[in-house]
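Shown next as structure tokens: one chain only, the form predicted on its own.
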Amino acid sequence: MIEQEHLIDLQHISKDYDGVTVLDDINLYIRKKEFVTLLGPSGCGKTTTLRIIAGFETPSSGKLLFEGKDILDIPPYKRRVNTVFQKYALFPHLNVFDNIAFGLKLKKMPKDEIKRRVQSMLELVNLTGYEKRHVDALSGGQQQRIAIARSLVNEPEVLLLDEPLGALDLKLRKEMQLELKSMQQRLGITFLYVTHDQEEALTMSDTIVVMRDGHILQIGDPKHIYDEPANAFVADFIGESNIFRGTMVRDELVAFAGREFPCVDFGFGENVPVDVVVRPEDITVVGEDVGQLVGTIRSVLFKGVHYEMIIDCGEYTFKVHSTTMQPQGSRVGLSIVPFNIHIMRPMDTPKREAADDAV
């Protein structure tokens, strides 16, 4: 991997509100031309992190570097970033052209240059010909594109997006995910995206930052985060998982769900407690006579591309995804190959440098 230049560095950033800590010693860097997503549940600190970068919040401690220079004392309008919010904050009394051109007019740019930039942005967001329309007459998706165009027309080095797709319906949200990623790649600028939607993060991001309670739990590319979750919270939050308490018997052998399983993990020690994650799609339904575990199918749901089965193995229950349906009430065997068993130390949180090996 070719190391990209750091554009933004958050160093030991903390933020308190009335004695309540919402960010606790955050360290994070963002590289040029990278699509980074801050992902986590409500209240985890992701929006506060974005607002600190934008200049709308001041941290209680720490440094914020932009290309190596501390910018905490620089006001928002002088930072080389622009922000798109979930509520688009368009001006209802202005048409599409004037909404997009608003910032350029404040800078007193020549009219010809303003027209060129606005037309370029309308082409980028696939709204050529909409210049004279009032924004109130546009759909939610079109309004969102205008908000993005208004932010991009000022040619920021970083675009900050705070859950911009949250107000859209599911079909339009999926379409806009692809459009945003395509836009970012064409423009070659840095996007910092905030969401609680795991699918959005996995679909669009070069790098995902998983947050919880003001801390960063894991940083990595989407495949690394999904395949190698740092702890049980990440495994449960990113996709669906079967998570068990287990014991690492020795290298490449783990005990969980009442029996021992070969695995590929090592270096945990002997007879130490671990968390074990097995994704539903990584469990194979087989005959009772060849399964590592045997259970009864308690429920079957059709999910479009697969069936979701809940299988009762006595004290333990497994969620299994399979393209082949087995009838409810059937007795089946379950097989898990060593590579599909992921072992974690409880609340183990590796740093980004380790995760970057997979980027």
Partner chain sequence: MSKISRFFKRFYLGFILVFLYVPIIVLIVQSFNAGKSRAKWEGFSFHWYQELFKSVSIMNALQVTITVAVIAMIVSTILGTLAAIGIYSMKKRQQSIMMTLTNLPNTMPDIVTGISLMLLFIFTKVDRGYFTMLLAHITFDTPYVILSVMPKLKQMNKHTYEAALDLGATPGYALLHVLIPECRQGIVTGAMLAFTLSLDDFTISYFTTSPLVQNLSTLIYSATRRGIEPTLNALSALMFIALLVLLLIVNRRTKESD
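We call the rigid core whatever largest set of C-alpha positions still superposes within 1.5 Å between the two forms. Remember, it's a predicted structure, so these values are computed and weren't measured experimentally. Numbering follows the first chain given and starts at 1.
Only in words, not in the display: the form predicted together with the partner chain, which the text now covers.
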Interface stretch in the predicted bound form with the partner chain - options 248 to 256, 207 to 215, 274 to 282, 76 to 84, non-hydrogen atom within 4.5 Å: 76 to 84
Answer yes or no: in the predicted bound form, does the partner chain come within 4.5 Å of a heavy atom in every one of Pro59, Gly68 and Ile71? no
Listed residue that, although the partner chain is not shown, lies within 4.5 Å of it in the predicted bound form (heavy atoms), from Arg51, Arg331, Lys319, His306: Arg51
Assert contact residue (the partner chain, in the predicted bound form, non-hydrogen atom within 4.5 Å, options Gly129, Pro92, Gly188, Gly267) equals Pro92
4.5 Å heavy atom contact, Leu178 and the partner chain in the predicted bound form: no
Taking the partner chain as it sits in the predicted bound form, is Asn231 in contact with it (heavy atom to heavy atom, 4.5 Å or less)? no
How about Asn154: is it within 4.5 Å of the partner chain in the predicted bound form, going by heavy atoms? yes
At the 4.5 Å heavy atom threshold, is Phe97 in contact with the partner chain in the predicted bound form? no
Given a 4.5 Å distance limit between heavy atoms, list every residue of 93 to 125 close to the partner chain in the predicted bound form, or none if there are none. His93, Phe102, Gly103, Leu106
For His134, is the C-alpha shift between this form and the one not shown 2 Å or more after core superposition? yes
